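Presented below, as C-alpha cells, is a lone chain in the form predicted alone.
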C-alpha cells in the first residue's frame, strides 16, 4: 500500500448485538473485522503505531477478584460470552500481530465503562430504565470513564512513544445503588434468576447478558497508575463526576 499511514487506531469493537443486528454479526465485526484490519497493517510497511480500544470486561467479574485489577492481573473468572469474550480474542490477535511486527508500537487501552451524554450503550440503557433492578444482596463498586476522557486517552496513546496495555478509568468508585440514586431513582433488589430472564426481553435495550449480570453482582475496580506514570494520562472526570454528567443529561431528557 502506498498510503503512507503510520498510525492506526482500532475502535471498531461494538458492545451489544443490537448495534450489529445479532450476535453472529457482532462477532464478525469484532473478531473477523479485527483480523482483517491487522492483516492490512501487516502488509503496510509504513505502519509504526497501533492503538487498540479494549475494555476492562476482559478481566471478568467474580467473587475471587482482587480489590483492584492491574494490567498484569490474570482473570480469575474468564469471560465466556458476548462482547467481553470478543475483546479477549481481539487482544489475543493484537498480541499475535505484535510478534509478527515487532517494529510496530502497540498500545491497548482497557476502558472502564464509557459514559456521558453522547453514549448509548447497554449500561446507559440500564440506568435509564423506569425501574432499575439490582442483584439482591449485592452492591458492587463500579468505575466509569467519561466519553471526553476516552477520546483524550486515545489521543495521548497515539502521540506517545510508549507501548503496552493500560487501564483507563476515572478516579474513585460508585456503587450500583449510589449510581441509581444519582439518577433520581430507587434500586429494586431482584433475585438473580429473575434478572437472568430479562435477557430475553430485548426491547428494553439494557444489557442483561450473563457477563453483565456478573458485573452487576461483583463489580470491578481498576488500578490506573500505569497510565498515569507511563503515558502521563489521568482522566479529567472522576468516576462520580462522569456518572453525574450522564445523569444530568438523562434527568433533563
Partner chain sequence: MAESISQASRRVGNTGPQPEAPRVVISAEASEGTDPRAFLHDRVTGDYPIDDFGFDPEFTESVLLPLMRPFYRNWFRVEASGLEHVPADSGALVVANHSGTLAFDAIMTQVALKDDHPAHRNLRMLAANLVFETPVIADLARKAGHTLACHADAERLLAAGEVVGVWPEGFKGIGKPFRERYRLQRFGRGGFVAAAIRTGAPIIPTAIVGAEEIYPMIANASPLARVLGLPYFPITPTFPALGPLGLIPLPSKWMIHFGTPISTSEIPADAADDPMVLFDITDQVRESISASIARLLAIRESVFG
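It should be emphasised that the depicted structure is a prediction, and the values quoted were computed from it without experimental measurement. Residue numbers count along the first chain shown, from 1.
One more form of this protein should be noted, the form predicted in complex with the partner chain, which is absent from this view; the next part is about it.
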| Based on heavy atom distances of at most 4.5 Å to the partner chain in the model of the complex, which listed stretch, 103 to 111, 81 to 89, 123 to 131, 139 to 147, is the contact stretch? | 139 to 147
| task | Scan 44, 190, 225, 209 and let me know which has any heavy atom within 4.5 Å of the partner chain in the model of the complex. | result | 225
| remark: Note: exactly one of 75, 117, 172, 164 sits with a heavy atom within 4.5 Å of the partner chain in the model of the complex, namely 172
| query | Taking heavy atoms only, is residue 70 within 4.5 angstroms of the partner chain in the model of the complex? | reply | yes
| said: If we define contact as a non-hydrogen atom of the residue within 4.5 angstroms of the partner, is residue 26 a contact of the partner chain in the model of the complex? | reply: no
| said: So in the model of the complex, is the partner chain close enough to residue 160 to count as touching (4.5 Å, heavy atoms)? | reply: no
| message | I'd like to check something about residue 38: if you look in the model of the complex, is any of its heavy atoms closer than or equal to 4.5 Å to a heavy atom of the partner chain? | response | no
| query | Within 4.5 Å of the partner chain in the model of the complex: all of 65, 178 and 229, by heavy atom? | reply | yes
| task | Between 229 to 253 and the partner chain in the model of the complex, list the residues on our side with a heavy atom within 4.5 Å. | result | 229, 238, 240, 241, 244
